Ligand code: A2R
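Presented below, as structure tokens, is a lone chain in the form predicted on its own.
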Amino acid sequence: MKALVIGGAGFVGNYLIERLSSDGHKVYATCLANEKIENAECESFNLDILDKSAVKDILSDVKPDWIFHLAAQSSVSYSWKNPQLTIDVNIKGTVNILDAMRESGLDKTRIILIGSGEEYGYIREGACPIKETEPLNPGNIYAATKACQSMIGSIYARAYGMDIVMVRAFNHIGPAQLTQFVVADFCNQAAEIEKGNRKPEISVGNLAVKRDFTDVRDIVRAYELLAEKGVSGKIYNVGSGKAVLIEDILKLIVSKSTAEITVSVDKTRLRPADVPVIEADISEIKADTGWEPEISLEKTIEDTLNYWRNMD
């Protein structure tokens, strides 16, 4: 298959390109002009998804069998600081891609639209684990844009018969993730403390929320399986199926550190609002593709810590 990964220079994109290439697919990918895709087996293009004509040109050149739409402003905390950019990239950018597909005669190409478990937001009491049928009640700007993306995807699938599979991916973690995300941030701080580059104190935000964490290597395996076996027009949760307290994540990281570490709350890390618990029901993707997570949280933490330990 010819696969196009839109937003291939990001954390997930790099893992997805590696996964698809290793499984024998011909992979193309896009990135912003100031980014670079390292995978030598992948042909890459610079692309701003807010430029629809540029999107259309690449689609016409590549004519992919599969498209994985990963390009997004994906930080919840940053979405509070820059809601306009988050809306532009996550909503307008997605519409540009879908319209460019139709205008390029690729309306039957399968596209995987990557959304987020954050879309569910403030869920009803007793609704966890969350099923795909749960009403959406986003609790932050990023979540609202991804909920809108899912709705638009569903509309385009019904109205135009497009082959669209939608994903609500819950928190994914692993080596090389940016430190604007909580697990990477804690692991980086712990590694810096071990190296003697900072005082033996990890700065944290809200530790009282529970999130569903999955290794990024399991996540991209799920995306590939959904491209192969997912049902067109359907929305799938992708996660571990088990929510973990952020405080327990921190304790696990500290327990694996070689340093003596204390913890301090940094008020600048607190968000205007936080959803208390997010946990996925993953029975749909299991039933349709056979996917389930294979890599343990402990293994992911160890690999992520080692990644930051080896950084200069």
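Worth saying up front: this structure is predicted, and the values here are computed from it rather than measured. Quick note: we count residues from 1 along the sequence shown, nothing fancier.
Just so it is clear, the following notes concern the form predicted together with the named molecule, a form of the same protein that is not shown.
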Within 4.5 Å of the named molecule in the predicted bound form: all of Cys148, Lys210 and Tyr236, by heavy atom?
no
Contact residue in the predicted bound form, from Ala71, Ile164, Leu98, Cys187 (heavy atom within 4.5 Å of the named molecule):
Ala71
Of the residues Glu247, Asp65, Asp281, Glu35, which one places a heavy atom within 4.5 Å of the named molecule in the predicted bound form?
Glu35
Among 297-305, 6-14, 19-27, 284-292, which stretch sits within 4.5 Å of the named molecule in the predicted bound form, heavy atoms only?
6-14
Could you confirm whether Asp57 comes within 4.5 Å of the named molecule in the predicted bound form, counting heavy atoms only?
no
4.5 Å heavy atom contact, Ala143 and the named molecule in the predicted bound form
no
I'd like to know if Val89 sits close to the named molecule in the predicted bound form, meaning any non-hydrogen atom pair within 4.5 angstroms.
yes
Close approach of Leu226 to the named molecule in the predicted bound form, 4.5 Å, heavy atom:
no
Could you pull out the residues of 26-64 that have any heavy atom within 4.5 Å of the named molecule in the predicted bound form?
Leu32, Glu35, Leu47, Asp48, Ile49, Leu50
